[in-house]
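Here you get one chain, nothing else, as structure tokens; it is the form predicted on its own.
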């Protein structure tokens, strides 16, 4: 006879599998729908938006690319890469100092850093605009770089510190015995051991910067400084009746981040589990 516990186990596993399958459909289907509609004509899209394209051609993707998406993409890549590297580097140094070095008032310093999490970007817009205009940084690449780094350091420091705090201090002591200074211990020992949380931090910062809209809209006034979120808005306003071209532009914007996540998902999940979970 089949025991009651075995029946309950099968029912539970079936329910969990069905739930995860439904969740996957909810997440994947809109992306697939967006990609497929990028291959359609306007008449096909309005005729049956849920059908497959009659012919798979790259015309809409070429139009989106030539109408500014290529420029927006390059700007987003530049801003995202530079701000992410700067944010993770500064945050890792800060986390190392807070966890491995005897810093006076370290708890106060940590509280001040984490206090930045409570500062809403929208609240700081007006003083930031006036300050950047006075410094001559308004509508420059440096404005976006400084803002993205400054607003992401608190959260990134929190993540990396949560991971570093459980690394044994004996590692630093052994490095000191071998003649390694703090900088050498940081670069050669501690930082490689933090690879999972560093990858998680990189991905989270890339996602934030890649999709950030408010700062990019307020602190850039056109030209080559516009990132993908602003560029896609311009594309929709200028070519709003050509919906397949807009879908193609949205697909081009989404593909790099999706590929990055799939390539690094193992480290991403491990880093968050070991960092935030501690």
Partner chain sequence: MRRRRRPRGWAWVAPALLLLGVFVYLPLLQNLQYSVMKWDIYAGGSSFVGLANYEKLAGDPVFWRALFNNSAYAAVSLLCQVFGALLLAALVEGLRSERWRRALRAIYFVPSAISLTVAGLLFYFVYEPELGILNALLRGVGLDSLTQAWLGQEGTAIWAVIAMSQWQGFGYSTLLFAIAIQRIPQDLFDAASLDGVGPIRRFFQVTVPLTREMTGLMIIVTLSGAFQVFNEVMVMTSGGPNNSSQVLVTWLYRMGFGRNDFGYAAAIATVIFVLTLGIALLQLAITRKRRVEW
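Positions refer to the first chain, counted from 1. These figures come from a predicted structure and were not determined experimentally. So that the term is clear: the rigid core is the largest set of C-alpha atoms that superpose within 1.5 Å between two forms.
Here the subject shifts to the form predicted together with its partner chain, a form of this protein not shown in this document.
Undergrad: Even though the partner isn't displayed, in the model of the complex is residue 193 close enough to its partner chain, meaning a heavy atom within 4.5 Å?
TA: Output for residue 193 is no: heavy atoms all beyond 4.5 Å of its partner chain.
Undergrad: In the model of the complex, does residue 247 come within 4.5 Å of its partner chain, counting heavy atoms only?
TA: Contact check for residue 247: yes, within 4.5 Å of its partner chain in the model of the complex.
Undergrad: Quick one: does residue 33 come within 4.5 Å of its partner chain in the model of the complex, counting heavy atoms only?
TA: Contact with its partner chain, yes.
Undergrad: According to a 4.5 angstroms non-hydrogen atom cut-off, is residue 263 in contact with its partner chain in the model of the complex?
TA: Output for residue 263 is no: heavy atoms all beyond 4.5 Å of its partner chain.
Undergrad: Considering its partner chain in the model of the complex, which of 81, 171, 124, 74 comes within 4.5 Å of it through any heavy atom?
TA: Of 81, 171, 124, 74, the residue with a heavy atom within 4.5 Å of its partner chain in the model of the complex is 124.
Undergrad: So which residues in 93 to 130, when you check its partner chain in the model of the complex, have a heavy atom no farther than 4.5 Å from it?
TA: The stretch 93 to 130, when checked against its partner chain in the model of the complex, contributes 93, 94, 96, 97, 98, 100, 101, 102, 103, 104, 107, 109, 110, 111, 112, 113, 114, 115, 116, 118, 119, 120, 121, 122, 123, 124, 125, 126, 127, 128, 129, 130 at the 4.5 Å heavy-atom cut-off.
Undergrad: Comparing between the shown form and the other one on the rigid core: C-alpha of residue 29 shifted by 2 Å or more?
TA: Yes, the C-alpha moves 2 Å or more.
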